[in-house]
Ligand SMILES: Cc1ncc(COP(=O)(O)O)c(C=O)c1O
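What follows is one chain in structure tokens, specifically the form predicted on its own.
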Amino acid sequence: MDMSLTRAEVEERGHPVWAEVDLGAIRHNVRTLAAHASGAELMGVVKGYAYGHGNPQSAIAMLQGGATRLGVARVAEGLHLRQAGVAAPIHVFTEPPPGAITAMLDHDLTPTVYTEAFARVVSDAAKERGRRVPVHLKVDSGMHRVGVPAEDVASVARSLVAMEALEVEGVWSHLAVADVPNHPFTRMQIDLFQKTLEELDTAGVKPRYRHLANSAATMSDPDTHLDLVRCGIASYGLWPGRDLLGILDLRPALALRARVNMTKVLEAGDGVSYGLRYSLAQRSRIATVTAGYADGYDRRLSGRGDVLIGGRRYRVSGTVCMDQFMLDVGEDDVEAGSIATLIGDDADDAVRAEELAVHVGTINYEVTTRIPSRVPRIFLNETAGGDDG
């Protein structure tokens, strides 16, 4: 479901929690990454509903910021963009079930291939349409998720070249630990990928696009830039690893906010929320915030996460519920209708996705991607301009 609403519509429909997505920040981040990429083209990765930020708006902002291509995980994600009028090349990172090949070709989605059986079906379907389809051959350089083993790549590539309806436009692989700069395994993957490219060249296979770098490698290792870099997490102003914090001027694009819908004064010793795990040390005002784990605010933030109201931090008091959680605000003047910032800036402070990820024991990718469709997205700075900086 595309839950793009204006601020007025959020108010009119009574949405108590919403995300604000600054498209100017996305454009700025893509421009910053592209300038850092040693002349390589940049693919904006928009899978997972643009890591929770929302499509097609995020995808369009990336293209406005200088991305030349887009990357998705599933055919349905690519179709969503095509239906919204996005005409740029869209790459599908994994081989879909055979039943999706018709839609993939009819909407000009660029397939990744790593099995000859899938490539053969794509070739046959392309031949029926009188077309030649560009494909990108995926190499398993050590992550062992999907891809052709490096030692078999030249042989598989020759098989693809023999399929006249296919054009081997690209060869690519994925790095397992690029978020840790100077990790020896990354060097091994780079060297293996380069060796594979040399073997392809010897076999007469000369792809237009060679790509290896994700966000982390784009930021930290020029040896990986090649012809194309694939930037997902960093395009949204989120950091791909703690060792990379601050090395580029990235701006977080997403804020998550919710309203306080009730306040009450409780006495010392009163318990709060499921399990009564939080007990008041003194007489205090309790504010109930209308967001919970059904809105992507993890239950493991119970007693750990901080939110901002009026620029002041308050700790989640007791257990996060499905749709609500509580804050002990002491004697502060917090009233129903106040806005709580769960992620984002408020006055001189900010709660970052990275902060929540530490509390939950996960990564910032998951924090934003898990914000569901019932949370409307309000898109800010939709028109490119001075807001991008």
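When you see a residue number, it is the position in the sequence shown, counting from 1. Note that the structure is a prediction, hence the values are computed from the model and not measured.
As for the form predicted together with the ligand, it is not shown, yet the points below apply to it.
K.L.:
Within 4.5 Å of the ligand in the model of the complex, heavy atoms considered, which of 257, 136, 174, 210?
P.N.:
Result of the distance check: 174.
K.L.:
Please pick, from 93, 278, 118, 185, the one residue with any non-hydrogen atom lying within 4.5 angstroms of the ligand in the model of the complex.
P.N.:
Of the candidates 93, 278, 118, 185, 93 is the one lying within 4.5 Å of the ligand in the model of the complex.
K.L.:
Name the stretch: of 268 to 276, 297 to 305, 122 to 130, 166 to 174, exactly one has residues whose heavy atoms fall within 4.5 Å of the ligand in the model of the complex.
P.N.:
Stretch 166 to 174 is the one.
K.L.:
Given that the ligand is not shown alongside this chain, does residue 253 nevertheless sit within 4.5 Å of it in the model of the complex, heavy atom to heavy atom?
P.N.:
The answer is no: residue 253 has no heavy atom within 4.5 Å of the ligand.
K.L.:
Does residue 283 reach the ligand in the model of the complex, with heavy atoms at most 4.5 Å apart?
P.N.:
Residue 283 lies outside the contact set for the ligand.
K.L.:
Can residue 264 be called a contact residue for the ligand in the model of the complex at 4.5 Å between heavy atoms?
P.N.:
No, no contact at 4.5 Å.
K.L.:
Is residue 141 a contact residue for the ligand in the model of the complex, using a 4.5 Å heavy atom cut-off?
P.N.:
Answer no; every heavy atom of residue 141 is more than 4.5 Å from the ligand in the model of the complex.
K.L.:
Please state whether all three residues 21, 58 and 374 have a non-hydrogen atom within 4.5 angstroms of the ligand in the model of the complex.
P.N.:
Checking in the model of the complex: none of 21, 58 and 374 is within 4.5 Å of the ligand.
K.L.:
Pick out the residues of 356 to 370 whose heavy atoms come within 4.5 Å of the ligand in the model of the complex.
P.N.:
Going through 356 to 370 in order - heavy atoms within 4.5 Å of the ligand in the model of the complex - there is one hit, 365.
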